[in-house]
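Presented as structure tokens, the chain that follows is alone, the form predicted on its own.
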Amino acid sequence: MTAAAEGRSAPGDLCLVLHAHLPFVRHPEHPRFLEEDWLFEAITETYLPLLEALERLVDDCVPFRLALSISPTLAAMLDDPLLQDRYLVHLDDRIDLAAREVSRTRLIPPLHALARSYHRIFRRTRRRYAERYGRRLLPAFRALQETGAVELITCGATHGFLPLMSRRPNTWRAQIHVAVAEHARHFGRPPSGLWLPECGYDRGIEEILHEAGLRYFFVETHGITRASPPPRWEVHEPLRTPSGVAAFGRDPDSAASVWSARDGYPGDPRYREFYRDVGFDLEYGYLRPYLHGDGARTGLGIKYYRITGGHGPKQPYDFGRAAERAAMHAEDFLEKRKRRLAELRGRMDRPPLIVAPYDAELFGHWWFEGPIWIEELLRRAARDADAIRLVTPSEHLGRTPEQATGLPCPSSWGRGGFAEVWLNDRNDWIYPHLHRAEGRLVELANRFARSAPAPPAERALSQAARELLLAQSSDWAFIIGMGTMVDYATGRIEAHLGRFDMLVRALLEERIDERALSEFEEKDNLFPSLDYRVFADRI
């Protein structure tokens, strides 16, 4: 059979990619800290439901494929004993609040049934987390990897926005090589691919990815459609760069089905309303025991209302009807992808490809019914294997050895598509400070890499590298650019660069305060094997 005939007869490939990431937030100096709730909410609403759905598919012998990026900062937090303990305290608070809600709503039947459901959910979540997983979720994801159903990949070490870094080969190398090493430490094997933070691509990054042993990465749609030269079939085939690393482009139709504010599935009126939370709805004194020390209102994870159509009052949420709608939307998504693949299959000389990448936290946290949608989609796709084939990126590359060659267009996802979210008049002040520190660390890494510094100097250099990596996180620029939690994000950048400067000054003056150094190492304790030499020039 010719390649063209095989392309027209084989089912098309659907590659579903989830990117799980949160910035590193850990504050041992406080007994409770508001921003740590980002992690706790994501565990409850996204990571545990996703694990449960995927494990159920494996137990039911449903053949599926999925790529899942777990960022190194998220992996570090999921594996941290302090945060594991605090998550259980968080769940105990939610269980207690839900129990009080069961009592408070006893004369309001629709809300009473929902309160009882939340009480069951929180208790079951605690039981699964503490007993089934022993507080450690990374081994559970690793076990899914071992089944062959899930391909685990990585991201930049701290999700730094690569195109906006200075001294780029060195700083790119640090973000990428540290990420690969951490992934191998957590999951027992190096990753085959990497999710570029914010899909931020600039030419030359692919060479560092090749150097790190990676086979592929992801870019936004126009990174492929404006490539030099663009592949004939645009995002429906991978683009092999001159380094040999392949670029996959996001399918815009698949993205719109989920992300579109007007037409996306999460906006259906039957789904749970994210913004109506008891933390803002109920009397303050009743809620005060469940709020953080400053007493500011915040979401508490109990949401009684659905999105609801029109301009009238919100209607009570119905778990069952929302689940039915999620199944219908999974079928709709699959049928549209099947039609598109059938259309492409008649014209292409190779199996057509649809890449559907999403932030994992959309599913469950922002879109409460999202994990149901994913499970239904994977089950239905398995029954339609003659028309659509679920693949991982590695599998598709293995099946299509002949690929178009070119370089993606420098690009990002997000508003404007060219880094506008991470470089604007609100956050542009960040980069001169980061560039100064990046240049200084490269200089020091080159100087000390040629010698054998004493252990305190080695530790100070590596901790300085750790602080710089944390300051580079794209999350801080995003938060500042969007105007949310600006004080916290600004404070994080200033704190990491302040510690960086203190360590560099102490190193150059040969007066390292080992007590202060130990405090920094305890506070920012991720990447235990980090070596500052990763910032040095390659000879």
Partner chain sequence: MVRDPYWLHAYWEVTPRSLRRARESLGEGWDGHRWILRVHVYPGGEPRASADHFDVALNPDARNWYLRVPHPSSAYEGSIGLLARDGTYYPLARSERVRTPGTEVEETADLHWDLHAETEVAAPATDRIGRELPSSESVLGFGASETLQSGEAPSSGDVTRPPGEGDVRFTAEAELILYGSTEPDARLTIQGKPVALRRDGTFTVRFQLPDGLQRIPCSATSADGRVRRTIDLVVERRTDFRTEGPEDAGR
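Keep in mind it's a predicted model, so treat the numbers as computed, not measured. Numbering follows the first chain given and starts at 1.
We do not show the form predicted in complex with the partner chain, though everything after this point is about it.
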Note to self: Under a 4.5 angstroms heavy atom criterion, identify the one residue in 144, 334, 344, 255 near the partner chain in the model of the complex.
What the structure shows: 255
Checklist line | Interface residue in the model of the complex among 276, 459, 379, 126, criterion: non-hydrogen atom within 4.5 angstroms of the partner chain | finding: 276
Check: How about residue 448: is it within 4.5 Å of the partner chain in the model of the complex, going by heavy atoms?
Finding: no
Next item on the list: Using the partner position in the model of the complex, report whether residue 369 sits within 4.5 Å of the partner chain, counting heavy atoms only.
Entry: no
Notebook entry, point to check: Could you tell me if residue 283 has a non-hydrogen atom within 4.5 Å of the partner chain in the model of the complex?
Noted result: yes
Next item on the list: May I ask you to check whether residue 117 falls inside a 4.5 Å heavy atom distance of the partner chain in the model of the complex?
Entry: no
Note to self: Checking a candidate spot here: are 260, 267 and 428 all in contact with the partner chain in the model of the complex (at least one heavy atom each within 4.5 Å)?
What the structure shows: yes
Item checked: Heavy atom contact within 4.5 Å of the partner chain in the model of the complex, the stretch among 410 to 418, 186 to 194, 461 to 469, 133 to 141 -> 410 to 418
Notebook entry, point to check: Are there residues in 295 to 312 with a heavy atom within 4.5 Å of the partner chain in the model of the complex, and which are they, in order?
Noted result: 305, 307, 309, 310, 311
